[in-house]
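Okay, so here's just one chain, in structure tokens, the form predicted alone.
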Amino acid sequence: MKETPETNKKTKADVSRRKFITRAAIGAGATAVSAFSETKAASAIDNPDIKPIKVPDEFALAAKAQFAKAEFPMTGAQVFARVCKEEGLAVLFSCPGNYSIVNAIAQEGIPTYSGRHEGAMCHAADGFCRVTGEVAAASGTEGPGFTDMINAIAAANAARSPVLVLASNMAIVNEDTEAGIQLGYQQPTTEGLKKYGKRLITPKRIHEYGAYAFRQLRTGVPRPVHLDFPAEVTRAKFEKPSDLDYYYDKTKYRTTAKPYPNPKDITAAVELLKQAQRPMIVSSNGVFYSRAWDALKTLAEKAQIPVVESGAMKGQFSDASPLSANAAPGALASADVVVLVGQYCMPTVGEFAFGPDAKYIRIDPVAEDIGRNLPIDVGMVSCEKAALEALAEAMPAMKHDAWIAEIAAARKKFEDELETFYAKGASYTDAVHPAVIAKELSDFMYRGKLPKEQTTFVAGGYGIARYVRRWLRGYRPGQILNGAYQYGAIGPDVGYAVGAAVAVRHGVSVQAAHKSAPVICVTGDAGIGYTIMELETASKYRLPIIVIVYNNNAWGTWTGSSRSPVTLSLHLFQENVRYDKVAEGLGAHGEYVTKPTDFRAALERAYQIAIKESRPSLINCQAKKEFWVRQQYEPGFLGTVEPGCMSYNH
């Protein structure tokens, strides 16, 4: 081909691109070598050209910076940020993009964190909500930044979390065109995944729609609210308050009033409970969000009614109480009257662990949902706290000693079974069995030097969850974040842990007494692949998170293809992947545990680093996929998750 100025230009461009790719490959190779080769890593330490991972000085400067509260004249973004501040928005998680809104919120002094992926940051906001009961926000830029958040929005919706989703969006002037890039209609995308959503198109109503958002977030049953902002709205200028429509403070645009129970419903519920021989209370999300744990305890103890928890968070009824039935799954089928309190995600007939003849009292703040999926005998429209206080006042003191003894016997049987699992798991010495992780972790958090109420725990994973959850105990509200509830997404766990750690760092809500304490998270080798990069986020913000990875070289689904040479490989990873080295490369501390006897010491070291350096760790526990095969390694894969993680489990 004859060379022309044009082809010469293309050739140079191609050469330049090849050089770039070559350089990138060399760089990637160098990174891989430094990450995965101890020999090369040792050489790198001696190489003065390789600098250590460092948090930029700008983070320290940001911590000392003074916030600049906006005054009129204000932009639309500043007006919205002011609504968020006055509504007490607790935190914003974001990635670069949606700059006008994010910058305005940060300037208002609302804690703002920036991570590596919008989806993980939205999970962080969800996690923050689940351990505090407060509203948290997540932000993404228009187009891909927004769509990156979809899975997290769906998970938050299923868990009934009050997440405020914010995204920039195409300018109004570009609607129905393909001008530029990243155009898309966001609101239809979140249809079915939110409580309320709005594309703001009228600049002077931005304050009014901020009010719409918080009215939805702070009343009734919480779910995500999604607002998208075109540039004409965020950049609009307002000289004075009268330039805005419907400009009132929160005392004018929403109420803090709660629905109180009808006395007739209280009487009906009391009569049903007085006749019950084996009553049971199911405490769920609504008890947490209405902060009704004291009223729950009063009712349970006065009428001697056992309590089992189900929801996106656990701990609002202490497992130290003899009335806790969380570790007594074998007794649940005997319950004859069940009080469902704030169970927003309602199982269908047959999904519950309770027997077919059980009668139900359901307490919910909205009437529309009562009777859905499960026939009820008494329906009570009320704030959960108000209903429990009224029931506690109206119920006579009662005794159900035989029922409590049945609960205790079921608990002992359950715990005895756990000990046999542990003994068997500890006998396998060439890899780390999940029963060992579960037992040793439980001993560390609840029966060692730590106050048993201290550690906020993020329960994730798939196969590993079937062991760890059995040993988890909650001793105070917001202590256990139930990651899988009710969407069952694989992979959000490190994102949840970032949100929980931020909540603990700031001592928000029920985390105040445990401010700055380390957060522990368990996940699997499938799950860690989705959000491991957020260890870099945790490292740069010095969040003391300990992530325990159960690494069995496979998706939890592999057993279904164990006899198929064609499809089995679709469920497998490389064996012995060093997630701990990846963590080290991101600034975290890494541990690789290959023997069960080494796990506890690794956990102790990681915890000390969390305390002394406020730095995250990853403990990579090397297992084997065959641990799920009962014929080879008893007890194998535990099919039933107990205490459960879904709405129909307890």
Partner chain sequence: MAKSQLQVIRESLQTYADRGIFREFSESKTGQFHFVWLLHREMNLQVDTATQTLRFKQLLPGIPTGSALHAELKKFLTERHDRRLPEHRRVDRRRAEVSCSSRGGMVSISLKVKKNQYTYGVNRLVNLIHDLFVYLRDKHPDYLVENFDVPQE
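Numbering follows the first chain given and starts at 1. Here the structure is a predicted model, which is why all the values come from computation and not from measurement.
Another form, the form predicted in complex with its partner chain, is not on view; read the next lines as being about it.
Against its partner chain in the model of the complex, the set 417, 563 and 641 is in full contact: each member has a heavy atom within 4.5 Å. Looking at 344-352, 393-401, 286-294, 475-483, the stretch with residues near its partner chain in the model of the complex, meaning non-hydrogen atoms within 4.5 angstroms, turns out to be 344-352. Mapping the unseen interface onto this chain, residue 255 falls outside it, with no heavy atom inside 4.5 Å of its partner chain in the model of the complex. Its partner chain is not shown here, and in the model of the complex it never comes within 4.5 Å of any heavy atom of residue 219. The shortest heavy atom separation between residue 143 and its partner chain in the model of the complex exceeds 4.5 Å. Taking non-hydrogen atoms only, residue 333 approaches its partner chain to within 4.5 angstroms in the model of the complex. This chain lacks the partner; the member of 554, 358, 84, 464 within 4.5 angstroms of its partner chain in the model of the complex by a non-hydrogen atom is 358.
Of the residues given (439, 470, 362, 207), 470 alone sits with a heavy atom within 4.5 Å of its partner chain in the model of the complex. Along 394-414, a single residue, 406, places a heavy atom within 4.5 Å of its partner chain in the model of the complex.
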